[in-house]
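Coming up is one lone chain in C-alpha cells, specifically the form predicted on its own.
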Amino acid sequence: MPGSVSMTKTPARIETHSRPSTPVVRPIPQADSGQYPLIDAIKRGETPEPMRHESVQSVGQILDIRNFELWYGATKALHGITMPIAAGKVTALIGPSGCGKSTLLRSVNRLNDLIDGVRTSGTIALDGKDVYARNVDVITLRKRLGMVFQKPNPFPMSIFENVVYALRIAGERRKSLLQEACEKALRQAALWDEVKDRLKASAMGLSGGQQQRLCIARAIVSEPQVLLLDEPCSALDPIATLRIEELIIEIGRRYTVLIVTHNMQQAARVSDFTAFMYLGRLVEYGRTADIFQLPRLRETEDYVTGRFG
C-alpha cells in the first residue's frame, strides 16, 4: 500500500504478512465523514471499547493496566486504559502529540506523583501488585522500573559514577562489585568499547548518542524488571538513532521494554507489540506486524500510513 511503513527489523522479532498485490487507493477521509467511528466517538468525549487483538492476551504479562485513569487537576488525561504488557518483549506506544503516551509511561513508575493536582483511579499492577497501593515504597518501585528520558541527562560526574549511581545510593560500597556492574551495564548498552579507557572522564564530554546509551546503562545497572523509554531518540541524529534502535532490540531480549515514540518506522523496527492511542484512550493494540500490516480498524491503518493524525 502506498505510504506503508518499512519493516526493516530483525526477522526473528516480527513476522511479515503479505498484502494485496493491487493496492486500493481510497480518498482521505474528511472531518466528520463517518469513516472513523471510534475516533469520532472519542472526539465526542466518549470512551469506546478499543480493539485488542487476541495476541496481547495470549502471552505472559509483567504489567497489567486495568481501567486506569488520570487527572491533572480538573483535566482528565487518561480514560479507562486497560492493557497487559508482555514480559520479555518490547511494547511501543504510538499516537499523535497529546494523546497520553508519555503520561501513561510516567504513570507506571509514578513519576506523575511529582506533579501537583494529579489523581488516579484504576490499577497498574507489577507482578500482580498494584504500584499505587498505599504500602508501596515508591523509591524501591522505581528501582524495578528503569527510566530513560527524551534528552540525554548524564550527571555532571565521571562516566563510572554515572553508571553506578543507583548502586551507590542503595548503599553499595564494594569496589569490585561496582566495577563489575559498571562494565556489565556498559557492555549491555553497547558503550564499553568506546569508554573503557576513560571511565574517570566526565560524562559531559560524550556525544549525544553516547550520553543516551550511558543513560540506558545507568537505568539497567540495577537490573530492573521493566525499562521505560520516553522518546529516547528524539534529540539524536539519524546515526545515533540507529545505534539506539539496535540497542533496544538487543536489550529487548533481556528486559521488558515499554517505549513511547512518534516515529512509526521506529516502532515497526524495534517493537513486538504496538498500542495506538488517541486523546487519552487506547484505540487498537496488537502485535506490531499486525498493527502495521493487518490492522483491524480503519483509524489505525490510516494513522500508521500517514493518512490520519
Partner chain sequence: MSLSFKESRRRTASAFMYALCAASTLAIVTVLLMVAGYLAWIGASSLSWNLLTTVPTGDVANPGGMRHAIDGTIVLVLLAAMLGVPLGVLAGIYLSEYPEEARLTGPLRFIADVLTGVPSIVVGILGYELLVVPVSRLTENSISFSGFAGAGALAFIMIPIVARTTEEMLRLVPRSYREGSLALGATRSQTIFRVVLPGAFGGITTGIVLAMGRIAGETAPLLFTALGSRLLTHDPRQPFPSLTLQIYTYATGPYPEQRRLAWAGMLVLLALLFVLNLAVRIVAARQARGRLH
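All figures in this text were calculated on a predicted structure; none of them were measured in a lab. Positions refer to the first chain, counted from 1.
Beyond the structure shown, there is the form predicted in complex with the partner chain, which is absent from this document and is the topic of what follows.
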Work out which of 239, 139, 133, 177 lies within 4.5 Å of the partner chain in the predicted bound form, going by heavy atoms.
-> 139
Residue within 4.5 Å of the partner chain in the predicted bound form by heavy atom, from 219, 191, 77, 182, is 219
Every residue in 36, 81 and 122 with a non-hydrogen atom within 4.5 Å of the partner chain in the predicted bound form?
-> no
Which of 211-219, 125-133, 81-89, 94-102 lies within 4.5 Å of the partner chain in the predicted bound form, heavy atoms considered? The stretch 211-219
Residue 234 near the partner chain in the predicted bound form, any heavy atom under 4.5 Å?
-> no
Does the 4.5 Å heavy atom contact test between residue 72 and the partner chain in the predicted bound form come out positive?
-> no
Looking in the predicted bound form, any heavy atom of residue 200 within 4.5 Å of the partner chain?
-> no
Is there a non-hydrogen atom of residue 145 within 4.5 angstroms of a non-hydrogen atom of the partner chain in the predicted bound form?
-> yes
Counting only non-hydrogen atoms and a 4.5 Å cut-off, give the residues of 89-107 close to the partner chain in the predicted bound form.
-> 106
